[in-house]
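Below you will find one chain, with nothing else, as structure tokens; this is the form predicted alone, and questions on how it binds or moves follow later.
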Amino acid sequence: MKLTVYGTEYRRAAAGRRAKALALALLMLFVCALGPSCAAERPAERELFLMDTYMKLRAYGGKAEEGLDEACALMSRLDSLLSVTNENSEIFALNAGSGQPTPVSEETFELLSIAARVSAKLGDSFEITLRPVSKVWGFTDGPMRVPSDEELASLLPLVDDDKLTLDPDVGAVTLPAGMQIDLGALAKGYAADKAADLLKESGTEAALLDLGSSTILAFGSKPDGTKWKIAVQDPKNPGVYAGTLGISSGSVSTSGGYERYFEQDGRVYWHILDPLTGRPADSGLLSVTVLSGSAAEGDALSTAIFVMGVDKALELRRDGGGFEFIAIAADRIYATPGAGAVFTPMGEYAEVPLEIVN
């Protein structure tokens, strides 16, 4: 049996260096043209490593430095609360709660409330209680391996977000014994949303928050008046762009099998699992990028659409709306009208059919 493991986030020993290199290669952050106006409006910047991800934050305005300091402290606190592997985190305590109510902080309760609402909207394509299944695959804790049909069958009954109980009166959360949650599909987005709110409250005029290239949030106007330019990674060739998005504000969330996967006996197994089968999603998509107002919801949507596929995503969009998406398949790119209008394909993708779906 031949096993090859991929995914920079999984290899924690070298994660900082590798994630930094990947983020710098994937994200076209704001670069202003050389000139007097640019020199007068240099951004405040912070670089940090949290949530197994290299992050880069840029902000503009007289209060940008102070705002970024507060934002970094906020995200560091969220990292300590939401980690699924940190034995001191609230999520770890909840997963070890054995069916008893677990008190949590206001932030954790808020994120779990968002997760419950989003999960109800997305149905079987998105479940935060997928942790027992993901764990047996080794995607978070390792070692990565293909579980047996019997193992998956025994764990799938534990995947049911409807059984998560939130008690706002006491700020406690209850999971049935044996169930566990993983907020990895929303945590970075939630951190981006909270950081942006804090920056705005502090008087920051504009910012671009890159939380590992898979979660990006922008607000405010760039000093030169142009749009923020965000790169979309080529899912078949990491480090190369499939294209760029030009946005005025909002979040850009991307999910793809290339983020963490392994090969065994010539077959690829990626970390985005279908909650119905417990196996890697098989919708025919290689990556999904969602544009939305909330980074937390955008992160969840990109994961769910990768699982459900384009047709069901369009049904979801017709029912609720509020987001645009770009989905890259092996032979074409699907884009909703709003996303297609701001997407510029690059390289070989300039020759790939771009299908506007609505």
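Position 1 is the first residue in the sequence shown; the rest follow in order. Note that the structure is predicted; figures quoted are calculated from it, not measured.
There is also a form predicted in complex with a small molecule; it is not shown, and the following applies to it.
*Asks:* Just to be sure I understand the contacts: of Ser287, Ser251, Ser125, Thr204, which is the one whose heavy atoms reach within 4.5 angstroms of the small molecule in the model of the complex?
*Replies:* Selected residue: Ser125.
*Asks:* May I ask you to choose, among Val173, Ala71, Ala115, Ile272, the residue with a heavy atom within 4.5 Å of the small molecule in the model of the complex?
*Replies:* That would be Ile272.
*Asks:* Heavy atoms within 4.5 Å of the small molecule in the model of the complex: does Asp210 have any?
*Replies:* Although the small molecule is absent here, Asp210 would stay clear of it in the model of the complex, with no heavy atoms inside 4.5 Å.
*Asks:* Is there a heavy atom of Arg260 no more than 4.5 Å from a heavy atom of the small molecule in the model of the complex?
*Replies:* The answer is yes: Arg260 has a heavy atom within 4.5 Å of the small molecule.
*Asks:* Does any part of Gly243 reach within 4.5 Å of the small molecule in the model of the complex? Heavy atoms only, please.
*Replies:* Contact check for Gly243: no, nothing within 4.5 Å of the small molecule in the model of the complex.
*Asks:* Since only the chain is shown here, I'm wondering whether Ala295 would be in contact with the small molecule in the model of the complex (any heavy atom pair within 4.5 Å).
*Replies:* Output for Ala295 is no: heavy atoms all beyond 4.5 Å of the small molecule.
*Asks:* Tell me which stretch of 125 to 133, 162 to 170, 148 to 156, 232 to 240 has a heavy atom within 4.5 angstroms of the small molecule in the model of the complex.
*Replies:* Careful reading of the contacts points to 125 to 133.
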